[in-house]
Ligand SMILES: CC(C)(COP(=O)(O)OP(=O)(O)OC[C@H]1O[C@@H](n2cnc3c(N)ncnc32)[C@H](O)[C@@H]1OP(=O)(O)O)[C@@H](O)C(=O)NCCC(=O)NCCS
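Just the one chain here, the form predicted on its own, laid out as structure tokens.
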């Protein structure tokens, strides 16, 4: 008797990894032994990058060396900038990022070298270059000249600086840093799995990261925070929440984007952290409306028997949408920011895959017909 099919590979363990632990039943997320709450409160993104790549936190000299290497390696080749200026201005930013990362392989001296040190150098460059590409596209599509990275800034500061061409504002940089820390790694998610499948064939770091970006683009993965913000914009005002919920959820067939998660059957710990940051940003900016809509909708859902019985809670996408929107980041740039962070986890998994590689090749249950007779084309 054939084994039962596990659609979506649900419950199937495909690898061993030290990068992170995702405990969905208890709502826990751990990077290399450190609870996400501890890292979000204390860590620079570069510290998390070092942790994921080295299985320990850096000392001060190691942290500065990595920060400096990422900042210096973040410069985009002029050929890439020139290429980006030819893209249609209405191009999907994730499609742009996917194309740019693929093209960056042409300019990388280590592109075809899958050795340990070469992969480390590529990971450093890509971590910075993806951030620069995100900021550059947001300016290019608005008719502005891109701003290059500064060697003295950390990655979150550089993003704010390259996006706005001034500053960087410390409040915005701190909020971006927390966001990057929270989304850097999350076990064998769809985009990480795609990255590992790609390099398991003996392909290269750039190809693996491109696979991750292409997978993250989907609205059921990285695109969910943009969908959540579009939902809040549709609701428009806190006074509309109750009627919107009744009409679209109770009486309709809509989903609340950002509530519910494939893994978490308790509150996503990242959502709890981002809820507090969303509240603080809303209060400091004086723009409370979007946080109030999100909070009221979440409370309404959590009081409903359907959501209670199915253990559906806000996930990381829900409140991250409010944080990014309050920072005046365009909605269609939300997912590229996710990629800015997750490249740390993707590259950690790529290097882990190369260290103990085996081709990833799952099986499939055939359900089609058998032994069909051949019919000549004139008789069909």
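Quick caveat, the model's predicted, so the values are computed rather than measured. Numbering follows the first chain given and starts at 1.
One more form of this protein, predicted in complex with this ligand, exists but is not displayed; see below.
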Please run the contact check for residue 46 against this ligand in the predicted complex: heavy atoms, 4.5 angstroms, yes or no?
no
Does residue 170 reach this ligand in the predicted complex, with heavy atoms at most 4.5 Å apart?
no
Could you confirm whether residue 310 comes within 4.5 Å of this ligand in the predicted complex, counting heavy atoms only?
yes
Indicate whether residue 326 is a 4.5 Å heavy atom neighbour of this ligand in the predicted complex.
no
Which residue among 135, 210, 257, 281 has a heavy atom within 4.5 angstroms of this ligand in the predicted complex?
257
Please identify the residue among 246, 150, 262, 302 with any heavy atom within 4.5 Å of this ligand in the predicted complex.
262
Which of these stretches, 220 to 228, 72 to 80, 135 to 143, 200 to 208, has heavy atoms within 4.5 Å of this ligand in the predicted complex?
220 to 228
